[in-house]
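Two forms of a single protein chain come next, each set out by itself as structure tokens; they are called structure 1 and structure 2.
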Structure 1
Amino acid sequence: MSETFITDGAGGAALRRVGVGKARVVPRGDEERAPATLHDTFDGALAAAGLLLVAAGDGLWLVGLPEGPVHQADAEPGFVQDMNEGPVTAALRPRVPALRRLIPVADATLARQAMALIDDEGKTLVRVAVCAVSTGHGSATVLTLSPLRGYDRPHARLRAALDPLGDPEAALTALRPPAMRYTAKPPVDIAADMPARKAATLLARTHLSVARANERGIVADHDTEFLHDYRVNLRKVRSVVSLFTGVWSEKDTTRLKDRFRALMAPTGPLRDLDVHLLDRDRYMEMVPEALRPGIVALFDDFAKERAAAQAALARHLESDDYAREAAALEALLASAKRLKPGPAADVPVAPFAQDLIWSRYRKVCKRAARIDDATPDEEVHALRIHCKKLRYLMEFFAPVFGPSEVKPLVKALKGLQDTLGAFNDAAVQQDALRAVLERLPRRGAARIEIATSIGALLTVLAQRQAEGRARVASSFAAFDSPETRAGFADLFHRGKEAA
């Protein structure tokens, strides 16, 4: 069975410096070189999986699979679900998120060469396929070893010699321009004894930076995930500002809330339309076939609205006003000392975080326990918001309490969040569709067709909302298990009492 190793460096040089006793690695044929383009998702999904996708003159090469490089002549990178069928597309499908487009990340040179490990009598012991990619930012070599029967020992020695050659993900990431080395959830190093104000500033600064890294992708409209990541990270900044009570002065806290709310506001219309368009196939399945032409017409209108909303947001993000405000907020968060301290500024992070998380956890439990068939929808929506805030706090402070200890609690909370999210989605979609009904022309065949389809959708969504609501109690019961209660108490309550 073949094995793949990835190292930095170009071409067979990576192999020639490997010592395997008296055996040596030699070329088997000439090196083939060609200009190429390196593709990946913006967040480096392929690099994280140890893979390289290279478009050359003879098609696409996917390098780094255990079975060796895969080639497909008739393929154009984009959304994987839209690519022509073939071996590269089939290999990409389970490895690339459906909502992420494969985009060019760097011009490259692709070099391929067959090599072999031979003994001192010239016998081939191991076949090696070398595929090297070089960009203006770095180079990486993918080596695929194919052992021959009867030569297990030299194969094992070569494999052992290759093991320490380097960090595969780092080598592949280095091929990208520095501006595109993106991490959606970068680690934030928060220590237990760090002052709360410093931790808050560090978290806010980090998530603002991640949000801003998505601006160019939103403007270019590569895929919807750029806007999603932008909004998620701005929401995390706003959560830091609103939840970390007392770390900054009341005046500065209010000012930050207002400014980050204003920064995020222009993204709402486009995100709402994106959510609709992503649900197109699901909407089609909800209604009988006879009503689907109305859904097609509805989504044609959504697509037109989206094009206008995307253009408007792109103009906003490229405006001088936006650039000045974003830069000013980055400067404000550049140091903890630029914002005036509040009464909790110097409280160590550990007890500060315990108070925040325990209080929010108890609030979630009390609100969830009260929900029954008579509870107004608004209270169910409020519970969803409280769960989201609790999860953000737990993720922010995971480094303080130990990621392995926090992870099962987050997982338990996510189950409740998923149920509340399904309930909320159905409610929001109904409100949006009713708004569409109000905007439709009062007369005409098109209105009747679209309105009839919307009516059918509203019926199905109302049923799904009711089903989601019925699951809230059971989802909370699963979250409120003895193990989860003990986990929250041990990390965020008893430990504080013992201290």
Structure 2
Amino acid sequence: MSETFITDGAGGAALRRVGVGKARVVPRGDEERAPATLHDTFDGALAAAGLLLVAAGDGLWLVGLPEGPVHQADAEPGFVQDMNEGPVTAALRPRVPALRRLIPVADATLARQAMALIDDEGKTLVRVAVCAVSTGHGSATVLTLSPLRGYDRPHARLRAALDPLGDPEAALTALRPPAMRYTAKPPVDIAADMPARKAATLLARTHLSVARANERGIVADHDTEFLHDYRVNLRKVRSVVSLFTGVWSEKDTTRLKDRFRALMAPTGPLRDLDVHLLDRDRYMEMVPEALRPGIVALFDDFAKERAAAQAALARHLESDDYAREAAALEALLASAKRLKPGPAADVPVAPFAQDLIWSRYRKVCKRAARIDDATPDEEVHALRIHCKKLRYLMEFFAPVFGPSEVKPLVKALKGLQDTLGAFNDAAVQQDALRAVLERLPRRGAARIEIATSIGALLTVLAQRQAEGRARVASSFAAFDSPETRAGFADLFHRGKEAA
């Protein structure tokens, strides 16, 4: 069985120095060196899997798999589902999220050299494929050892000699330019005794900077995840501002709320269209064959609209106004002292968080318990919002209460949220489709065709919404288990229950 090691740039040289008894490592043939481009998803899905995807003149090389480098001549990096079939594409498929595009990370040099551990008679004992990738930022060497049958001992000794070579993760990270070292969920170090204002500032600052890291990708329109992550993180900032009551003065809090709402507002239309377009295949499956041409026409319209919305948002994000406002907000969050303190500013995080989470949890339980088949939809929506807020709070403060303690509670909550989400998505999609109906031209064959198809979609979506609605009670019952109750009380109501 072959096996692959990632080391830093010195790995190849170190290999040549390795001695295993009388055996030594020698090159086999010439080094092949070529200019290339390192590719990955923006969030480094391949690097996280210990892989390097390199586009060179002779095609794509995927380096880091246990079996050694894999090559495919006729493929261009992009969305994996759009790439030509072949060994590289096949290896990428399970490792790259469908929504992510493989984009250029850095110009690189790819150097491949076959080497071998040979004995004193020149017999190969272990084959070693050396693949070195270097960019202007760093370099990594990937070694694949392929033992030959019957030479287990020299293989084990070579492995042992190579084991202390470099830190693979550091080597892979070093290849990326700073702007491409994106982490969607960076850890935020919140300590239990930190003043609440400081924690709020830290969280808001972190999420704003994660959001901003996506700007360039939104403008370049690489994939829809950039905008998605941008919005998720701005929503987190807004949640900090609105949920962390009393950390800042009322005036500053209101100002922040307004400014972050305004910052996010221009992204709405594009995201809505993205959501529709991503659902294209599902919509197609939802309607009978005969109505599909109408859906196709509808989505062609969406695509056109999306292109316009994308261009508009790109212009906005590149405008001086936007740059100024984003920088100003960053400056406000640069230190905990920029914004005026509110009454809770100096409360230590632990009790502050306990109060917030506990009261939100109680609200969720009270509202959920009331829901039956007769409850108006608005109340279900309200419950969904409360759940969402509770989830944010739990995630923000997980470091304080121990991620492993919080995790099962989040998981329980997520079950309930999934049901509410399905209900809500169906509702939102119906609203959007109704809006489309209203905007259709008054006459024409196309109108009839599209309108009929939308009618069919609305029926399916209404059904789906009703299904979600019907599951709310049972989902809540599942969430409201004795263990989960005890878990919440234990973590977020400690010592207060008795009182």
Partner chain sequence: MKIVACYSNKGGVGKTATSVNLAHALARAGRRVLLCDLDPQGASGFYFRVKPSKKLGDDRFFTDVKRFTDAIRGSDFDGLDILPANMSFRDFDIFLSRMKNSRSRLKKALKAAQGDYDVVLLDCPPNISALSENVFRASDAVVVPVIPTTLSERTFEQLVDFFRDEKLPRKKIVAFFSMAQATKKLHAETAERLRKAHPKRFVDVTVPFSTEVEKMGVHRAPVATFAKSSPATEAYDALWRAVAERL
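All residue numbers here follow the sequence of structure 1, with the first residue given the number 1. Note that this is a predicted model, so its numbers are computed, not measured. Heads up, when I say rigid core I mean the largest set of C-alphas that superpose within 1.5 Å between the two forms.
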Structure 1 or 2: which one is the form predicted in complex with the partner chain? 2
Comparing between the two structures on the rigid core: C-alpha of residue 118 shifted by 2 Å or more? yes
Please check if residue 337 moves between the two structures, taking a CA shift of 2 Å or more relative to the superposed core as movement. no
My question is whether residue 306 is one of the residues whose C-alpha shifts by 2 Å or more between the two structures, given a fit on the rigid core. no
